[in-house]
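Below sits a lone chain in structure tokens, taken as the form predicted on its own.
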Amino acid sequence: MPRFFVAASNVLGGIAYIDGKDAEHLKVLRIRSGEVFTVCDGKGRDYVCRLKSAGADGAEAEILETLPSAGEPSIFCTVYAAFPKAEKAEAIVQKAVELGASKIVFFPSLRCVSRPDEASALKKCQRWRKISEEAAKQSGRGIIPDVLVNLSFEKTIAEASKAGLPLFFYEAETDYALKEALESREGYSSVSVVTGSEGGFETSEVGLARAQGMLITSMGKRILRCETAPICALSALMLHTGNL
């Protein structure tokens, strides 16, 4: 069933008002009066709707049923990924959204090859947010996960460490496996997944994360690519918490 996102304020009196690019998308899909589709308010609610009318200014759809978005996980997971090279960031955004990440944050680390300045990072964010929106529609999400850039490693770790389960993945860690980390705490509702760039992390960065209370964690004996690591961690997390 086709899926469209609208602002919560566009759902009023049993009618969902669709405008902008989504109204154009209705035309592209050739959805006609009386046909049924799903509208999501971006806050975790789905509306099964029937098209009433469509015109130059947008479309109106009658709400037939209101449901919680089935595609939303029970935990809030933020993926923090050190800046990767080339188009790897796009792959991270797309797959992380499909798997249930609630937010994606890119940040600099000492071994990053890619180091965008603020203006470049903001421009990239616009592209990444479009990818997030498309992935959310395709995968049946109830929100469009935000994509942000934090240009400070220290601030990134300070933020990530506040999660109920703060995971920092380090390729040289050998004693603390992902399975142990996932089982180390109970009742957490928020998780941070911090992964490095192509070159991994410096020991000083690992020390800072440890000092902030993050769990320094291994993903096993194989070295994963920077675009694979966050997806691997997120998949394991969703499986462990019953969200996969």
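Heads up: residue numbers just count along the shown sequence, starting at 1. Because the structure is predicted, anything quoted here is derived from the model rather than measured.
Not pictured, yet referred to below: the form predicted in complex with another copy of the chain.
Engineer: For the interface check, one of 38-46, 24-32, 176-184, 206-214 should have non-hydrogen atoms within 4.5 Å of another copy of the chain in the predicted bound form; which one?
Structural biologist: Looking at the partner contacts, the answer comes out as 176-184.
Engineer: Find the only residue in S102, S139, S114, S161 having a heavy atom within 4.5 Å of another copy of the chain in the predicted bound form.
Structural biologist: Only one option qualifies, and that one is S139.
Engineer: Can you tell me whether S235 touches another copy of the chain? I mean in the predicted bound form, with a 4.5 angstroms heavy atom cut-off.
Structural biologist: Residue-level check for S235: yes, a contact with another copy of the chain.
Engineer: Can you work out whether K95 and another copy of the chain are in contact in the predicted bound form, taking contact to mean some heavy atom pair no more than 4.5 Å apart?
Structural biologist: K95: contacts another copy of the chain in the predicted bound form.
Engineer: Is T228 part of the interface with another copy of the chain in the predicted bound form - any heavy atom within 4.5 Å?
Structural biologist: Yes, contact at 4.5 Å.
Engineer: With heavy atoms only and a cut-off of 4.5 Å, decide whether A70 touches another copy of the chain in the predicted bound form.
Structural biologist: Yes, A70 sits close enough to another copy of the chain in the predicted bound form that at least one of its heavy atoms falls within 4.5 Å.
Engineer: Hey, which residues along 200-233 are within 4.5 angstroms of another copy of the chain in the predicted bound form, non-hydrogen atoms only?
Structural biologist: The stretch 200-233, when checked against another copy of the chain in the predicted bound form, contributes M219, G220, K221, R222, I223, L224, R225, E227, T228, I231, C232 at the 4.5 Å heavy-atom cut-off.
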